[in-house]
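Next comes just one chain, in structure tokens: the form predicted alone.
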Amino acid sequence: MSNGWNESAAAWIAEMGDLGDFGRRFVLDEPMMALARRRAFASALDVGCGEGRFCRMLQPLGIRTIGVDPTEALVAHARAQDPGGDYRIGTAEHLDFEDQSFDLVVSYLSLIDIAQLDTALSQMTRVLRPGGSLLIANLTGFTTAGMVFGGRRPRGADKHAGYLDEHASLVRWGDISIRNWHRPLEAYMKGLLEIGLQLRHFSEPRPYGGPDEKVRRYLKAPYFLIMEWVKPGPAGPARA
């Protein structure tokens, strides 16, 4: 099954624009940036960076950022938008970096696109320095199970699959058609705990702006969560 990203890249770029969609612009960006500012990170790897928007947001903080994504059209767009940036073709399951290369690793709504979750988490942890943070924004399991996404299951979802059953489905809106993976929250928590990371932050962020109708819909059935996991070891100094 194709993951759909190559075919959907142009539509995705148009959908995101410079500011991102409702969820990024009015729910996730502010708390994700607050966590990035909280500690003195010097280097970051954005795994599944897409069109490079969050990489560009991190750079004014003085964080040397590298973005990695397997979709060539998205990486090409990221490079065009930010010629001085560092954007590379690559997958979460095979990160081509030395051990302990980054203070911060970011997965901003990319875990749902990854088939081999345990391998990806192992790779992200490997390239993270002791004391560094893995910062995750993800869809909730209830959303990816299809219980609240658009009020119905995504097309292609197994009608017999439930919240506890890991499965992939093709999610379509507009001209975008991509494969997302559903996993219960337990799968993420067990994977991160078993790899030895320590949970530092967990939140289900509320909207801080945006159209009233979308805010009301989101508050009725929130579909994002944010986690910060720290690799044991000496911690860097907190930002003032």
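As the structure is a computational prediction, the values presented were derived from the model and not from experiment. For every residue, the number given is its place in the sequence shown, counted from 1.
Unshown form predicted together with a small molecule; subsequent notes refer to it.
Taking V105, L121, L74, A145 one by one, only a single residue has any non-hydrogen atom within 4.5 Å of the small molecule in the predicted complex, and it is L74. A heavy atom within 4.5 Å of the small molecule in the predicted complex is found for exactly one of T125, T91, N138, S169: T91.
Annotated contact segment (heavy atom within 4.5 Å of the small molecule in the predicted complex): 43-51, selected among 57-65, 205-213, 182-190, 43-51. When the small molecule is considered in the predicted complex, W12 lines it closely, a heavy atom lying within 4.5 Å. Not displayed here, the small molecule is approached by P70 to within 4.5 Å at the level of heavy atoms in the predicted complex.
Among residues of the shown chain, I114 is one whose heavy atoms approach the small molecule to within 4.5 Å in the predicted complex. Interface residue remark: N3 is counted as part of the site for the small molecule in the predicted complex, having a heavy atom within 4.5 Å.
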